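First, one chain by itself: the form predicted alone, in structure tokens.
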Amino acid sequence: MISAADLRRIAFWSHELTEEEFERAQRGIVEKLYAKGAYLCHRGDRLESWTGISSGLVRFGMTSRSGKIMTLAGLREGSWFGEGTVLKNEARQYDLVALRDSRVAMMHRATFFWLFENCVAFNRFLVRKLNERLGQFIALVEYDRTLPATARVARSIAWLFNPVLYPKAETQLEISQEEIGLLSGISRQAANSSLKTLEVKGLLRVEHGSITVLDIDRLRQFED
């Protein structure tokens, strides 16, 4: 069972629950460690739990039959996902890979459905989250088809600071250039070049193993 303090830290939705709802959620969550490069699940697997990131960074995507890797989103601490699969009781339609050593919180399916059926605050959160993810994936199609590498890097980073998905995210994020490349669908070298461009333009500051966002609005809208 996850501790009450850890649940409050990684699940902002838990702050709106009643005491009974919070205790039910807490009892229904366990945590598991995944080493860098490990798969949380493969496309086609059945992962019965609703899942959150306690610490680390996870790539959410898929691999084609030809071996081409497509990244759909990066999932950082505080991110919760997989509600659609749990609700539909179907196999996962994507791969989940730990980009660094990560701790993952897993809510039992029965607990998820109890909250879904009994908790208004939890359902409000799910609606907001699903709407935001839909917008993210629509934007992803646009990025992939129309934007050059630097703009894709800018938008990928900006999504990691989305105020709905990550309401308590600080302006600094520990992330490597390799991880940014994986999340943006480009090489580490191209990510390095793109980060230098964004730094020169005053949108962010690159430090060893981290970036600090200086202008999130321009980062979200960057195109050239």
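In case it trips you up, residue 1 is the first one in the sequence shown, and so on. All values reported here derive from a predicted model rather than from experimental measurement.
Keep in mind the form predicted in complex with the DNA is missing from the figure; the text below concerns it.
At least one heavy atom of residue 187 is located within 4.5 Å of the DNA in the model of the complex. Of the heavy atoms in residue 27, none are within 4.5 Å of the DNA in the model of the complex.
Proximity of residue 49 to the DNA in the model of the complex: non-hydrogen atoms within 4.5 Å are absent; the residue sits far from the partner. Although the partner is absent here, residue 72 sits far enough away that none of its heavy atoms falls within 4.5 Å of the DNA in the model of the complex.
Residues with any non-hydrogen atom within 4.5 angstroms of the DNA in the model of the complex fall in just one of 191-199, 38-46, 52-60, 156-164: 191-199.
The partner is absent here, but in the model of the complex a heavy atom of 207, alone among 207, 16, 215, 23, sits within 4.5 Å of the DNA. Just one of 149, 126, 119, 104 comes within 4.5 Å of the DNA in the model of the complex, counting any heavy atom, and that one is 149.
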